[in-house]
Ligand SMILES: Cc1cc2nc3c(=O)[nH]c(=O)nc-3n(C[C@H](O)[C@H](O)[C@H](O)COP(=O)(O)O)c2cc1C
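Read the single chain below, which is given as structure tokens and is the form predicted on its own.
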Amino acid sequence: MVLYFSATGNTKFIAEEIAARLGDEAMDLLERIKAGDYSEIRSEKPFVICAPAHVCEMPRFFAEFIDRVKLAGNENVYYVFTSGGYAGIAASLAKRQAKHKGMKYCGAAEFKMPRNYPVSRHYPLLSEEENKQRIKASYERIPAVVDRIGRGEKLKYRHIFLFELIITLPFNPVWTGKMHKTTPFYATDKCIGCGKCEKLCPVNRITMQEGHPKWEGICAHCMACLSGCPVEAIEYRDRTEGKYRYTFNKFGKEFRSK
């Protein structure tokens, strides 16, 4: 069973490709996460958990969901991460998570995919050609990863240095707590009140009020709302004005094998 969360389509693409080549099922966990549904998920085949990397880790809401949900049947678990270039200590934390759940950690893989975080001032969105190059390179790596999983072999991940753990472990919660506030998000006059942003938010921080979205609290900064808006009505301060909204389907449809 391939389990995944995907905000803008990168992780969905990798997860569905892996599942199709393994002859397995891919399960989007969004609705379960939103509902707090931790009921048992059973698989006779190894579990493959796919997630984006947020601030050098799995998204905290996703990691907490996997911590709590019961995975039954096969005890082997693989992890696959998508990132804009650096998944940080995600694999180390995944290994710890698997051990805590009483499962056998079988390694991890990272796929470097297009950036989807337009609110950043330090990591600009890539060009159309760069996006397609990254998707193509990842697509061509999928068979090798699937082959190892199919053979029951461990996935080989790079060495994670101690200094990465020392820096990231305290940094992530501070950064996400202070910088992932929802107050900078707003909807422009282009908003049509469709409510798609509310449905896409994995942490339920968006509610529709008088036909327009309202953000509250600390969110995941996954960009599902901003990138998924059908009329591009959502902005983040002045940082996203004039920038394109990345979704996988705008750049990678040609790479799907299904």
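This one's a predicted model, so the numbers in the text were calculated from it and none came from an experiment. For every residue, the number given is its place in the sequence shown, counted from 1.
As for the form predicted together with this ligand, it is not shown, yet the points below apply to it.
Heavy atoms within 4.5 Å of this ligand in the predicted bound form are found in exactly one of 228 to 236, 29 to 37, 209 to 217, 52 to 60, that being 52 to 60. In the predicted bound form, this ligand sits within 4.5 Å of a heavy atom of Tyr123. Asn116 belongs to the set of residues with a heavy atom inside 4.5 Å of this ligand in the predicted bound form.
This ligand is not drawn, but in the predicted bound form it has no heavy atom within 4.5 Å of Cys201.
At the 4.5 Å threshold, heavy atoms of Gly150 stay clear of this ligand in the predicted bound form, well away from it. Interface residue among Ser92, Asn76, Thr182, Ser83, judged by heavy atoms within 4.5 Å of this ligand in the predicted bound form: Ser83. Within 4.5 angstroms of this ligand in the predicted bound form, the stretch 213 to 240 places a non-hydrogen atom from each of Ala220, His221, Cys222, Met223, taken in sequence order.
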